[in-house]
Structure formats: structure tokens, C-alpha cells
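Taking the form predicted on its own, here's one chain by itself in C-alpha cells.
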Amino acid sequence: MNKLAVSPLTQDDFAPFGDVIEARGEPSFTINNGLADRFHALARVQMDDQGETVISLVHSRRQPLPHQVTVVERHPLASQAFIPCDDTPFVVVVGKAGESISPSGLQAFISNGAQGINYHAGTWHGLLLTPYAEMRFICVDRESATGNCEQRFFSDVQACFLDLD
């Protein structure tokens, strides 16, 4: 079985797969008559012209590590964002966009608890992995009658083994 190393989530390292959503550095500008700071346009929603953007709430159950990555998915027609509502780290498994994916093409990142992610359209990614606690996320993605999710399953022999040590 392949062991998948987990790296800290940074914008530079995650750029091939999407955007890191975090209030980093100075705010873009103030709003509400100076009562709030806005970190503007931290990610762009990618969308074809057949769907519409929806905002959902997701409650993710705790999945303790070690974890075996046996399935990945992609959304070829639009980006998909997950923004945590809790100050808890979570693990992100990704692979570059394309028609196919193999376990050897996967990378793993761990958020700092305040970061969200926006997968670029077509980026392969693992399922939400919340090893420390149940978590709540705001999810921004595409909805339409045609769907926007493809999955690939790996056999137990192909699967990646994920742990934080």
C-alpha cells in the first residue's frame, strides 16, 4: 500500500489544485462604515453556463486516522469550495485535473484550522477528512439537472494509506 505524506496547506503548494481561503495579511478594505474588514475575492467560483451557484452547509463526521484513501472525485464543470465554520484542522487529498487519476498522483495537505479550500474545476480530491472532530463547512458549488460529480475507486492494493506521523 502507498503511504501518502501530509504537508502543511499553503497557497503556493496548493495552487495547482485550487485556492486556499484564509484571512491572511492585511484586509483588502473596510466595509460597514469601518466596522468590519473584508478580505475580498479570496477564490473565484468557476462555473459553466448550464448550472447555478449554490451555498450549502455540510456537517462532517470525525474520521480517525489512519485512513485509507480508496475513492476520489472531481467536479469537471465547476469549482467547489469548503470553508470551515470551526477552528479545527482538516486534511485535504488532491490530484491534478485530468481524465484519469492514480494513487501515485495524489498529494495531501493539512489546514491550520482557519483555512478553507476551493478546488478548481476538474481537480481530483478525496472526501472530506476531519480526523480531529466533527466539523461544519460552508460549501459553494454548482447545481444543475446534469450533475457535476465523477468518482474513481481504488482497490485495496492501490489505495493510499494516510496518517500524520
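Keep in mind the model is a prediction, meaning the values are calculated, not measured. In this text, residue numbers run from 1 along the sequence as written.
Omitted here: the form predicted in complex with a further copy of the same chain. The next part is about that form.
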{"property": "Touches a further copy of the same chain in the model of the complex: G95 (any heavy atom, 4.5 Å)", "result": "no"}
{"property": "4.5 Å heavy atom contact, A23 and a further copy of the same chain in the model of the complex", "result": "yes"}
{"property": "Exercise: S56 in contact with a further copy of the same chain in the model of the complex, heavy atom 4.5 Å", "result": "yes"}
{"property": "Exercise: S60 in contact with a further copy of the same chain in the model of the complex, heavy atom 4.5 Å", "result": "yes"}
{"property": "Residue (of V140, I101, I110, A121) lying close to a further copy of the same chain in the model of the complex, criterion heavy atoms within 4.5 Å", "result": "V140"}
{"property": "Partner contacts for 109-137, taking a further copy of the same chain in the model of the complex and a 4.5 Å heavy atom cut-off", "result": "L127, L128, R136"}
